[in-house]
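Coming up are structure 1 and structure 2: the same protein chain in two forms, each one given alone as C-alpha cells.
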Structure 1
C-alpha cells in the first residue's frame, strides 16, 4: 500500500508540474492583457502536434520536438494576437474584456475543428524522449514522466528568473500593473502585450510536447487541462506566476491522492477533476483572492 501511495504521489508531482507550466502561461496573458484566453488549451494541443510532426516529418530528435513546438506556438500566438486582439489596444473599443473572451473562444473552436480536419480523430503518440522506466523497489515510473517533470521544472525556474530578474520581465510586470505608468517611463505597452501572448503560447506548446509521449495526441486533448488551468490560475491568485506554480503542484497532487484513496477505483479518475474544484472552492472560502492574489483592473 505504501509503494502504491508513493507512486501516486510521484505521478501527482509530474502532472502538477505540467499543470503549472500550462497555468503559468495563462497567468502571464491574464496578468498583462487582462483577458481570459479561452484558446490556451488548443495552443497546448497544437504544441503536441507540432512536436510530433517536427519529429516525424523533419526527422528531428525527440528532444528537439520541444523547442520546435515552443517556437511554432509562439509564432502562432503572435499571429492570433496581431490579427484578432489589436482592437484591445484601441480606446475606441468598449468592453474589452468581453471582446477578448469572444475572440479567444472563437479561436478555440476554430483550432479544435481545424485539428480534427487536418490530423483526424485517431490518437497519435510521438516517440519517447527517453525509453525505459525508473524502478525503485515496487515503485515504477517511466523515464518520459521523469523527463517531463524535470524539463517542466527547468522551464518554470527560467520563467521566474525571466519575470523577476531581467529588464524584459520587469517591463512586463510594469505594463501589467499600469499601462499609463509604463508609458511614462518609455515602455511600449503594445510590444509587451505581444510578448506576453507569445510567451504564454510557448509555455502551453511546451506542455503539449511534454505530455505527447506520456499520453496520446487528439484534437480534444486541450479541454481538460484548460479547465484545470483556469482553476489553478484562480487558486494561485489571478496574475501571480508563483501562485500558479504552487497551485498547479497542489492540484496535481490532490487529484492523484484522491484517486489513491477513493474506494471505487473504476470511478476515481472520473471524479478526480471534480475533486480539484472542491479544493478550489474550499480555499476561496478562506482566501477569496487565492494564494497570492491581488486586485486587478480591466484593460484601460
Structure 2
C-alpha cells in the first residue's frame, strides 16, 4: 500500500511538472495579453503531434521532437496572434474580453477538428525518449516519466531565469504590469504581445511533446489539460509564473492522490478528470484572485 502510494506520489509529481509547464505558458499569455486563452490545450495537443511527425517523417531522433514541437507551436501561435488577436490592441475594439474568449474558443474548435481531419481519431504513440523503467524496491516509474519531469523542470528553470534575469523578460514583465506605462517608457508593446503568445505556445508545445510517449496522442487530448491549466493559473494568482509552477505541482499531486484514495476504483479515473474542474470552480468562487498572486487584474 505504501509503495503504491509512493508511486502515485511520484506520478503526481511528474504530471504536476507537465501541468506547470502548460500553465506557465497560459499565465504568460494571460498576464501580457489579458486574455483567457481557450486554445491553449489545443496548442499542447498540436505540440504532441508535431513532435511525433518530426520524428516519424523527418527521421529526427526522439529527443529532437521537443525543440521541433516548440518551434512549430511558436510559429503557429504567431500565426494565430497575427491573424486573430490584433484587434485586442486596438482601442476601437469593444468588449475585448468577450472578443478574446470567442476568438480563442473558435481557434480551439478549429484546431481540434483539423487534428481529427489530418491525424485521425485513432491514438498515436511517439517513440520513447528513453525506454525502460526506473525500479527502486517496489517503486516503478518509466524512464519516460522521469525524463519528462526532468526536462520540464529544466524548462521551468529557464523560464524563471528568462522572466526575472534578462532584459527581455523584464520588459515582458513590465508590459504585463501595465500596457500604458510600458509604452511610455518606450517599450513597443505589440512586439511583446507576439513574444508572449509565441512563448506560451512553445511551452504548451513542449509539454505536448513530453507527454506523447507517456500517454498517447489524440485530437481531444488538449481538453483536460486546458481546464487543469486554467485551474492552476487562477490558483497560482493570475499572471504569476512562480505561482503557476507551485500550483501545477500541487494540482498534479492532489489529482493522483484523489485517484489513489477514491473509494470506488471503477469511477476513480473518470472522476479524476472532474477533480481539477471542481478545483477550478471552487477557486473561481472563493478567491478569483488566486492564492499566490498579485492583485486582481481586469481583462480590458
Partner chain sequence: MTRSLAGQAALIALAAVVAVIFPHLVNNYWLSVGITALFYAIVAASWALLVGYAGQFSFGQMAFVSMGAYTSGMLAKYYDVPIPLGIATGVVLCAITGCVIGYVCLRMRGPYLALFTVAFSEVLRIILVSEAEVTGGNGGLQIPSLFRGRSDLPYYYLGLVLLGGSLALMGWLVRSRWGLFFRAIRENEEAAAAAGVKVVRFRLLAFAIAAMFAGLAGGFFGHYVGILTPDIGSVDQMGLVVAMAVIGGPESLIAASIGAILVEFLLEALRAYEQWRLVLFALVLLLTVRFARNGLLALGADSVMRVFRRRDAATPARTA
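Superpose the two forms; the largest set of C-alphas matching within 1.5 Å is the rigid core. Computed from a prediction, not measured in an experiment: that's the story for all the values here. Numbering follows the first chain given and starts at 1.
Between the two isolated copies of the chain, the second is the form predicted in complex with the partner chain. Once both forms are overlaid on the rigid core, the distance between the two CA positions of residue 10 between structures 1 and 2 is under 2 angstroms. In the core-superposed comparison between structures 1 and 2, residue 275 has its Cα shifted by at least 2 Å.
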